[in-house]
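Before any questions on how it binds or moves, here is one chain, the form predicted alone, in structure tokens.
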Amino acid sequence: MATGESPVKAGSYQNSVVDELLQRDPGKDLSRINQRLLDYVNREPVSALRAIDIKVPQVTFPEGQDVPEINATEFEINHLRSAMASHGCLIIRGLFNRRTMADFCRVIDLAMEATNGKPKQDEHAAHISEMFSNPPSKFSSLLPEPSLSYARKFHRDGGSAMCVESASISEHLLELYASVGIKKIVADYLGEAPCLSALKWVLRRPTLPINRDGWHQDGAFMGQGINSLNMWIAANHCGGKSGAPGMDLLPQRLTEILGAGEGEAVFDWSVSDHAMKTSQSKHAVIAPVFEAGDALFFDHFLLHRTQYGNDFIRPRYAIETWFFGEKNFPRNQVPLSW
């Protein structure tokens, strides 16, 4: 069989994104991702001016918004700058096509099945497994054992899979991001060209029930001095009272990492309920409602967790991508170029 040929006919899954992935050339995708990782092998981070250190113009958002939000058709970069400076986050509604993101729910299912380690019983299933579990060779050398096994187990136990486990998913997503202008948005906000994190570029389908003790700031394990921006994309209707967990947020501009404080924290980088509540100031915890294609942007200081509750009846699907400045990045998150 020639490189790139698929034994699965287009349309067999009635899912355009799955079909597109199965028609990609996995060899070329692997080569691209390996090169992206290689681009950072000999690079060291440099302390540089961060986006949050720059004074920005204040933009007025509609009254009554607990979390600043804007429709994608109205978005300008100062919306992001102002919202990040005042609340540490911004929701851009309809940034991605709703049908495309809904299709990614099946992609996430297949990717998580492919990385669960169970043998496949037929040729079609084996091909899908190969396509959706096809990590670049450089990944294992940049994250040597036992760190790689720990990272995979951590994601598997929590209901997620790293995008770089599939070179084709990774390259497809970068093409999708570029098509809606994400690279320019991130570069304009950060003030420098962006790179990504192999460890924190993740397909998510959290395991139910949700653990209540999930409050954290990603800077607790990435470092405080980095130049960062995270893009969390909802792939299905979730949050609020939708029946699927969204995100719990404390929409407050923080500029330091909080300690675990009184009470037990699950990890040494997470924050206890008690410590989280003492930091609330005038802000209340918000659980926004998301539609497929909505994107939430925040940085490494935002206090957040997967929305906690006992009444969720549906899974939540999402794609999370952490971007850093090409100069001011955390080496421990395995950077790759864009």
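Here the structure is a predicted model, which is why all the values come from computation and not from measurement. Numbers for residues come from their place in the sequence shown, where the first is 1.
The discussion below concerns the form predicted in complex with a small molecule, not included here.
Put simply, Trp201 is far from the small molecule in the predicted bound form: not one heavy atom of it is within 4.5 Å.
For Met247, a non-hydrogen atom is located within 4.5 Å of the small molecule in the predicted bound form, even though that partner is not displayed. A residue is said to contact a partner when one of its heavy atoms sits within 4.5 Å of a partner heavy atom; Asn230 meets this definition for the small molecule in the predicted bound form. The small molecule in the predicted bound form comes within 4.5 Å of a heavy atom belonging to Asp218. Using a 4.5 Å cut-off to the small molecule in the predicted bound form, not one of Phe132, Lys138 and Ser170 places a heavy atom inside that distance. With the small molecule left out of view, the stretch that reaches within 4.5 Å of it through heavy atoms in the predicted bound form is, among 181 to 189, 139 to 147, 75 to 83, 201 to 209, 201 to 209.
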